[in-house]
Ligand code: AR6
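Just the one chain here, laid out as structure tokens, in the form predicted alone.
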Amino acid sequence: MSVLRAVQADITTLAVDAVVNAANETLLGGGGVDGAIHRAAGPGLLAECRALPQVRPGVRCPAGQARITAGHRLQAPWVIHTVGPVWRGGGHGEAELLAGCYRNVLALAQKQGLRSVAFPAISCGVYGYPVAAATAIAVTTVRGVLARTPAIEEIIFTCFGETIFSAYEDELGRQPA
């Protein structure tokens, strides 16, 4: 049975099989967790991301999808990049795109044979997704996937601040394992 838990920590310091990068479509770094992961992983990550094929000009990973690279200088040997949706009021497919992020990350993790994955709060920063709605989607989607693919043993919802940590703790307590 998989363990799901929330921690308040810097995702770049975790010793897990993969950390998830809440990236932008270019995969070339940015602010927030994306910038932190790129800085901690070093220039090799940027070079590897540049080498990924573009699906259209400037886009290596459309919203809701995921790509995997090496972790370079991180403790985690892998980085799984995913692009969450920008919140536009909830009527533009945001919930499905966000759920797709979690499903596609876990599909890549399973394909790679990974046992532990650390997620940030995808889309909850500058993309403006409401935290309560995002955490409900994250926990529900991850639990649903793990019910069908139990090889992944540990999921860590890594929270940078107390507000998001509390939201994950509340959601994990609300949804039975």
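Here the structure is a predicted model, which is why all the values come from computation and not from measurement. So that there is no doubt, residue numbering starts at 1 and follows the sequence shown.
Beyond what is shown, the protein has a form predicted in complex with the ligand; the following relates to that form.
Shown here without its partner, the chain carries Val16, Gly71 and Val117, none of which come within 4.5 Å of the ligand in the model of the complex through any heavy atom. In short, of 108 to 116, 142 to 150, 53 to 61, 123 to 131 it is 123 to 131 that has heavy atoms within 4.5 Å of the ligand in the model of the complex.
Though the partner is left out of this view, Ala36 does reach within 4.5 Å of the ligand in the model of the complex, counting heavy atoms only.
At the 4.5 Å threshold, heavy atoms of Glu162 stay clear of the ligand in the model of the complex, well away from it. Among residues of the shown chain, Ala167 is not one whose heavy atoms approach the ligand to within 4.5 Å in the model of the complex.
For Ile11, a non-hydrogen atom is located within 4.5 Å of the ligand in the model of the complex, even though that partner is not displayed. Residues of 13 to 41 that come within 4.5 Å of the ligand in the model of the complex, judged by any heavy atom, are Ala22, Ala23, Asn24, Gly29, Gly30, Gly31, Gly32, Val33, Asp34, Ala36 in sequence order.
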